[in-house]
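One chain follows as structure tokens, the form predicted on its own.
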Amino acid sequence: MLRVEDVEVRFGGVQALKGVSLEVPDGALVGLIGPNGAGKTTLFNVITGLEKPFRGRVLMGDQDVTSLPPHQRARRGLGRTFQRIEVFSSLTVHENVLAAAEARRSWGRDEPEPARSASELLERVGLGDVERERVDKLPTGLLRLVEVARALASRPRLLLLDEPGSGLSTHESEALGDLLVDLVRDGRSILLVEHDVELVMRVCQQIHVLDFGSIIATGTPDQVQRDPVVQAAYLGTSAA
């Protein structure tokens, strides 16, 4: 579903990403973890077209999308959320998701009625009870779920989630994990950036670890947890 090959990004004299390569198989839930400043959001921006790489390429399926703008990648089935919450603060929860559903209908074929689609998505992510509330009245955790529902409204085949568990309670985090697993069962592929290590280890089939702009480990949750380099760089234990 997604292949990133030897991507490099520079900001002046700072090399934010250094030869990063990773894959997200079709129908897989893949984690991307690492300390703050490791380059995770920069990589998301490269994948979605918001940042142009100095070197390397991004492929969706067999198609090289490196030179495509964000909206064309979205129309090919790519959706995302953001680390910093990006919602329409003067609109209701339903209207935020409706905006994405209307946009999808403008270029999609045989799309369901947008208002109904928005309501169904909000029920699915657990926000049916606050559907008519303005988003500026909601806590951070629920705003994350609004973003997830809005991203789903574009009906992506590949979904990039940037810290969707931030601000969620333990119960809400467990529900989010169950939702992500269900979305993959429905046929989507997900690349998940998340600092909730317990959530990542529970739901992801494979995990990539990014540190100082480079992939330092790739493997199953058990392999990653046991890797001494990962323990030193991310989990805070000595590699000695």
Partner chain sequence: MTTFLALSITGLVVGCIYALTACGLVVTYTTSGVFNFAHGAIGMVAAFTYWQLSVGWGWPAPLAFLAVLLVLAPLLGAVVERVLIRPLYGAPIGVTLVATLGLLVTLLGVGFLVWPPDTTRVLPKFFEGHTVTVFSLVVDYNQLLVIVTSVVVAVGLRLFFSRTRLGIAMRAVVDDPELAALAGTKPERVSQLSWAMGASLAALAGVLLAPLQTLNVTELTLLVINGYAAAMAGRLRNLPATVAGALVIGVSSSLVLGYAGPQVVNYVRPAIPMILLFIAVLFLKQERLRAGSLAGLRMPRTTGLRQSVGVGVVFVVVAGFVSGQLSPAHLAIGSQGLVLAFVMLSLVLLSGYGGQVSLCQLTFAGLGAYAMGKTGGGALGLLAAIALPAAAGALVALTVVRLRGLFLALATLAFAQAMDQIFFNHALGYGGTLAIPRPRLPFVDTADDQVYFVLLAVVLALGSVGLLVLRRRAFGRRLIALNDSPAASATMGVSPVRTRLVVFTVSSAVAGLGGALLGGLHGSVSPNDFLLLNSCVLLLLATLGGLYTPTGAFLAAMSYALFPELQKLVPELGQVQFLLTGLGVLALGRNRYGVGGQLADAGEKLRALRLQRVGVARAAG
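Positions refer to the first chain, counted from 1. None of the values given here were measured: they were computed from a predicted structure.
The form predicted in complex with its partner chain exists for this protein as well; it is not shown, and the discussion that follows is about that form.
Is Arg109 a contact residue for its partner chain in the predicted complex, using a 4.5 Å heavy atom cut-off?
Judged by the heavy-atom cut-off of 4.5 Å, Arg109 is well away from its partner chain in the predicted complex.
I'd like to check something about Pro70: if you look in the predicted complex, is any of its heavy atoms closer than or equal to 4.5 Å to a heavy atom of its partner chain?
Answer yes; at least one heavy atom of Pro70 falls within 4.5 Å of its partner chain in the predicted complex.
Heavy atom to heavy atom, is Arg134 within 4.5 Å of its partner chain in the predicted complex?
Although its partner chain is absent here, Arg134 would touch it in the predicted complex, with heavy atoms inside 4.5 Å.
Just to confirm, Arg116 within 4.5 Å of its partner chain in the predicted complex by heavy atoms?
Residue-level check for Arg116: no, no contact with its partner chain.
Enumerate the residues of 50-76 that have a non-hydrogen atom within 4.5 Å of its partner chain in the predicted complex, in sequence order, or give none.
Leu50, Pro70, His71, Ala74, Arg75 sit within 4.5 Å of the partner.
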